[in-house]
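The structure tokens that follow cover one protein chain in two forms, given apart as structure 1 and structure 2.
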Structure 1
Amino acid sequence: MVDGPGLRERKKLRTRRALIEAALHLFEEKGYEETTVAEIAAAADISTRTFFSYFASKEDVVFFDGQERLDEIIDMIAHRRAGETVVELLLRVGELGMARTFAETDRLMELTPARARLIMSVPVLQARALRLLFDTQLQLAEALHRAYSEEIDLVEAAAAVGALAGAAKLATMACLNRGDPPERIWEAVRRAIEIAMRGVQSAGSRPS
């Protein structure tokens, strides 16, 4: 019996998810540097060759969702709601980011804090996260400026995006440092984003 396109796609998604879960579990258990690609593949019950058809490296597994999330947010900005303000849109962007973080399977949700701690503690992952952070924020600022070209310039768009990202990242790190569970992190990040956006709204309402 030949698998149809839908079944094949579901199998690929299950394999990809199994690889992510296996890798994050092994990184947490053994350490990032100590874990090999072969061990990740074996834990997911696939060959090493198959691993490389899903990810180019161990690093890519850690940052498995970055490009997909960025594309989704840029599309949201490009197709903003009629009459939606910059602050309203950025609040929706923040909510989407958090929803995607906590919409994974229970196991991936449990591993979300572990992944964040891993990135913060491994130099090569820290460096990549920093590069991705800057690249992502710049692309979002450019998208925001395009969407509101008659209302804000690129610098103002960059400041607004930076406020959103900084609030979310630092709130997450603060919660991780005190050992908060995922649901507490969600609440704290949402509150931090709301505080940051109030500041953006206040700044935007000041007379020139």
Structure 2
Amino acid sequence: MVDGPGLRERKKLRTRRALIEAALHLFEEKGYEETTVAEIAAAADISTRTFFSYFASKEDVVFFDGQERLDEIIDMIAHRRAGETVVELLLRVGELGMARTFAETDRLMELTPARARLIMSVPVLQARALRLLFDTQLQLAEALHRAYSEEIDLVEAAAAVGALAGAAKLATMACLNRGDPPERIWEAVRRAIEIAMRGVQSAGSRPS
């Protein structure tokens, strides 16, 4: 019998989804701090206590897809294309990350851009996002080292990942702070990655 997931599983997923949507909508409307867990739970028709068996904290709802995204990246690295350079691979990873952050129209919702705004504007969430990003980088470095174990050691992998990610992240934030539009951000990120790849040395004197 091709049962598929039972009622129990289906229901659990539905509840989870309901919680996420209720939460993000409320956050959008009233703000993160102003929304209580009780309200979120009520909007999803479950008891406040049960909320915490779905998410360990209010923060966690916002990052509901963190694990998936990490897995996707790790997977991408493990299955790197034959002959692909470390840099090329990292670039592909970067593109994927950007795409997932800004263009996610498919899976769960179009709440993604709103979510980005939300995260950037709430200190606690920003901190959480940074930790997530950080953990990701760490795992990325390890995966990279595994994938290219002959060519680079762990420290080199970490340095490479850190430099690339650090440059991209800081450039992005500098733009956001300045209120630049998305296109300008993209351009900035490209330039940042270029600098990280070619070396900070070249930052002052652009080649040619």
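What you are looking at is a predicted structure, and each value in this text was computed from that prediction instead of being measured. The term rigid core refers to the maximal set of C-alpha atoms that superpose within 1.5 Å between the two forms. Please note that residue numbering is based on structure 1, beginning with 1 at the start of its sequence.
(request) Pick out the form predicted together with a further copy of the same chain: structure 1 or structure 2. (result) Answer is structure 2, the other one does not fit.
(request) Return yes or no for I193: a CA shift of at least 2 Å between the two structures, with the rigid core superposed? (result) It does, since the I193 C-alpha is displaced 2 Å or more between the two structures after the core fit.
(request) Could you tell me whether the Cα atom of R16 shifts by at least 2 Å between the two structures after core superposition? (result) False for R16: its C-alpha shift is below 2 Å.
(message) Tell me whether K169 is among the residues that move between the two structures (Cα shift of 2 angstroms or more, core superposed).
(response) After core superposition, the displacement of the K169 C-alpha between the two structures reaches the 2 Å mark, so yes.
(request) State the core-superposed CA shift for D153 between the two structures, in Å to one decimal. (result) So the C-alpha of this residue moves 3.6 Å.
(message) If I align on the rigid core, how far apart are the two C-alpha positions of P182 between the two structures? Answer in Å.
(response) The alpha-carbon displacement, core-superposed, is 11.6 Å.
(message) Rigid core superposed: how many angstrom does the CA of E88 shift between the two structures?
(response) Shift of E88 at C-alpha, rigid core superposed: 6.8 Å.
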